[in-house]
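So this first bit is one chain, no partners, the form predicted alone, shown in structure tokens.
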Amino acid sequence: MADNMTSGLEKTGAEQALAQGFAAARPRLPGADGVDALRARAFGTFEQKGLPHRRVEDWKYTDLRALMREALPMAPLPDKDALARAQAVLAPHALGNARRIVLVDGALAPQLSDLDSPERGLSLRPLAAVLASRDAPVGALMAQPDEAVDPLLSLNTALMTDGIVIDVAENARIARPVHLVHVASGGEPAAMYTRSLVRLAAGAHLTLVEQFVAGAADVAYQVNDALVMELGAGARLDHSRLMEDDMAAINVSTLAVKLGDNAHLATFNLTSGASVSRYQAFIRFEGSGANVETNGVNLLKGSQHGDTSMFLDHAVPGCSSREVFRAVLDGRARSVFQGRIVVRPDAQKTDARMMTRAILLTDEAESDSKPELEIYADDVACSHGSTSGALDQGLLFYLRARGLPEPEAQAMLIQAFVGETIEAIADDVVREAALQAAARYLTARRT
């Protein structure tokens, strides 16, 4: 990745506040033995690079140095009022029989979570407890993502407070989905730094759903979340992420994945919240025969800015990947999609394909698409494509001619457009939750 050329730039107020906040929070952040040293190294990396800006190639469309004018203080541990606000917003987002794990203002809330009696082969541990327990294997996994590459992931490593550590034993098939809910209680403007780890042993199978919601409206907050995954040989993980943060929020989330032989990852992301957001995924194929299906939808309105950036590293032979991304943009919204596929010299027989489509509902909306292929092997099948445009006027006229008002006709076409992507979700309950999130966007844009 390109050097971010930050060394010659004067530190912004947000960067100065982050340095002060790290110094103040460091003594009370959880961790034993080498965790504090890991935090210090990670923050040193962040300070060297600073907030990314448009001269950083991977961030050229999302100038966080300009978009993030201030760094909010770290959220305090949730009190009784914060937990009550969080509980009030959980019911509308219930997910069938899923096992719910709730993080409130960056801290695990056991009283709102279902942590008891996990299925055979499933282990659930709070990250804060693991950090303090001298658990060397988890500590090693924690350091595996390329913090040296991405400054926001480095910042997350430095300031991570809590999350969940999920381990699934060899050949265990966990029937109940795990539903990880991030709630910003909205008591006061604050920043949250969460990290969760998921490790699937050989042959294991898990469905994981992440959701970001707000406990109060119009209260500014900032989310920096990271999810680190490691899939063993033949393991399968179905992962869905629904980001419905308040419009006053900033959300930067990182997914870092390593795949073993014949592992399968199906991941879906829907972004409809936050004023500024970036969802970035770093997926590395380390075992032959691995397969990734990644789908995403940005549903944006007003002046929202939503960035989805996917980096797939085909490092071994015989792997396949599919990326399908769609965006619907209203008002002055801006959607960014960056998809970079790297095929290493030894990664023969790679099959990698990428497609992005966008619908612009107004002349002021903007869609930026940057699909990239870097191919260093000669026996591969790789392709990419990108389209953007308005709603099909012929179909719109057809629906209007049959008595549908224009807003309802538009909504029907939008539902069909994004529904093709949502239908890729394997679990019926999770798929319905994604459809409901899309419906909430459609309702909001009409009011």
Partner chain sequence: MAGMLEIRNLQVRVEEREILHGLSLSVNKGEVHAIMGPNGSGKSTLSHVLAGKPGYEVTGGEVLFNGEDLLAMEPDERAAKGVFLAFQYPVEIPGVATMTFLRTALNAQRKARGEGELSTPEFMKKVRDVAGRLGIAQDMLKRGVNVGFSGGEKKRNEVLQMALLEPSLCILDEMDSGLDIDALRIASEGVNLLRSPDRAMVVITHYQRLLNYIVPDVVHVMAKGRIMKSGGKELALELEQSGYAEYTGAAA
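These numbers were taken from a predicted model, which means no experiment stands behind them. Residue numbers count along the first chain shown, from 1.
Unshown form predicted in complex with its partner chain; subsequent notes refer to it.
Asks: Applying a 4.5 Å heavy atom distance criterion, does Arg26 contact its partner chain in the predicted complex?
Replies: Output for Arg26 is no: heavy atoms all beyond 4.5 Å of its partner chain.
Asks: I'd like to check something about Arg402: if you look in the predicted complex, is any of its heavy atoms closer than or equal to 4.5 Å to a heavy atom of its partner chain?
Replies: Yes, Arg402 is a contact residue.
Asks: Residue-level contact is defined here as any heavy atom of the residue lying within 4.5 Å of its partner chain in the predicted complex; does Ala416 satisfy this criterion?
Replies: The answer is yes: Ala416 has a heavy atom within 4.5 Å of its partner chain.
Asks: Considering non-hydrogen atoms and a 4.5 Å limit, does its partner chain approach Glu57 in the predicted complex?
Replies: No, no contact at 4.5 Å.
Asks: If contact means any heavy atom within 4.5 Å, which of 27-35, 46-54, 406-414, 63-71 contacts its partner chain in the predicted complex?
Replies: Of the stretches listed, the one contacting the partner is 406-414.
Asks: What are the residues of 85-113, in order along the chain, with a heavy atom within 4.5 Å of its partner chain in the predicted complex?
Replies: If the 4.5 Å heavy-atom criterion is applied to its partner chain in the predicted complex, 85-113 yields nothing.
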